[in-house]
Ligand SMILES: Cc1cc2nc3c(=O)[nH]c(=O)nc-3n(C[C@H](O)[C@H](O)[C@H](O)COP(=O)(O)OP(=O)(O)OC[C@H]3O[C@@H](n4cnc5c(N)ncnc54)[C@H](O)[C@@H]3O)c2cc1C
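Just the one chain here, laid out as structure tokens, in the form predicted on its own.
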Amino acid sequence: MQADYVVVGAGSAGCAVACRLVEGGARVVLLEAGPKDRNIRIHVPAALRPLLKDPKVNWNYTSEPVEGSAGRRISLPRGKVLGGSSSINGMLYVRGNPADYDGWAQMGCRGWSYEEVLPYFRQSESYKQGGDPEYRGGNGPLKVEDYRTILPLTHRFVEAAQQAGFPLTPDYNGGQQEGVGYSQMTRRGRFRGSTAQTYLRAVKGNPNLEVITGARAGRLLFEGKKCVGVTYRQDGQDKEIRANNEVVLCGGAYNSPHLLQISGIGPAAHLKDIGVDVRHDLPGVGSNLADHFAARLKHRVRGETTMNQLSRFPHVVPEVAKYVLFGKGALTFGVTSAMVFCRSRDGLSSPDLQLSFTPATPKDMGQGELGNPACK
């Protein structure tokens, strides 16, 4: 089998890359290790919690026990399904702070300043709720919406944050991120707006795109120093596919470096230790991962409605009806309804903390979890 491009990983990046290549007229094969996104929990926003432990759609990685985590293994959820982590995450849409992109550009990442990436953010999204057109787009495949389920408790949090000195930020993906604001979600109406249901949907039926699920990549194929294809295993059989132009790795912060290393690209000493023949000594592969801890605090409240109450019988019955009939109510809830972006200390040029408010308490509150290394 051959194509112009082979994209490995049909997650947040892979679906977007495949879509744009097909729109440009290229023939693309998109490989995904996981299944199609048919699990109903994927598409109902409030049903996301079980997905974070489900081995059918999640790689279920964990960190190594180290002193900094008190010897604990901390959960690292990663999507193994069409749409990747965008099919199992909390659906928050946060671009990141402009200073982060400018810092990368200053360190040598050409083309990555905020001014240079902003047009692509605008091109990628469809945000129809009054954002500044200088920063927001209205015709892209990625559907971005303001939160629909805002309980009074969320308003109280936003008011309290302002009383504490944080300015109200009407659109934290607009001209100013710092301050307190209501959350935005990647949602397609009443359903989750994963990249599979937005980017891939935009080119559905195009004969230039073939999506192969249940296809776990094995190793990259080379002719000399040129990567010309990839092997994969599907239904117990080893197969391979070749690319006329390029193989694009979109396996995320964990799987892409892993595929490179088992294909012989990475730090030579490490590859030899794990019994892999060195094709190219590239020390940076698999190094310098920057992730973020989610430190959770919980409080009891009185006289306020929370998602805990709305998710239990009998309160959940009318919420189901609201969702089915109108696409509203508790079942449209994602993970965080309001956020504060702030600085941990004086002297910083931009925010380095994200405080997320959720009017709910998950059952596994004390287990600990690391955030997604991709933007949420």
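Being a predicted model, the structure only gives us computed values, none of them experimental. All residue numbers are counted from 1 along the displayed sequence.
Missing here is the form predicted together with this ligand; even so, the following discussion is about that form.
Contact with this ligand in the model of the complex, judged by any heavy atom within 4.5 Å, is made by just one of Val316, Met307, Cys342, Leu52: Leu52. Think of it this way: in the model of the complex, this ligand has a heavy atom of just one of Ser183, Ser263, Ser85, Thr198 within 4.5 Å, and the residue is Ser85. Stretch-level contact analysis of 270-278, 72-80, 117-125, 138-146 against this ligand in the model of the complex, using heavy atoms and a 4.5 Å limit, identifies 72-80. Within 4.5 Å of this ligand in the model of the complex, a heavy atom is found for every one of Gly9, Ala33 and Asn89. Although the partner is absent here, Gly193 lies well away from this ligand in the model of the complex, with no heavy atom inside 4.5 Å.
Contact between Arg216 and this ligand in the model of the complex is found at the 4.5 Å heavy atom cutoff. Although the partner is absent from this view, Leu259 contacts this ligand in the model of the complex, with a non-hydrogen atom inside 4.5 angstroms.
The closest heavy atom approach of Cys250 to this ligand in the model of the complex falls within 4.5 Å.
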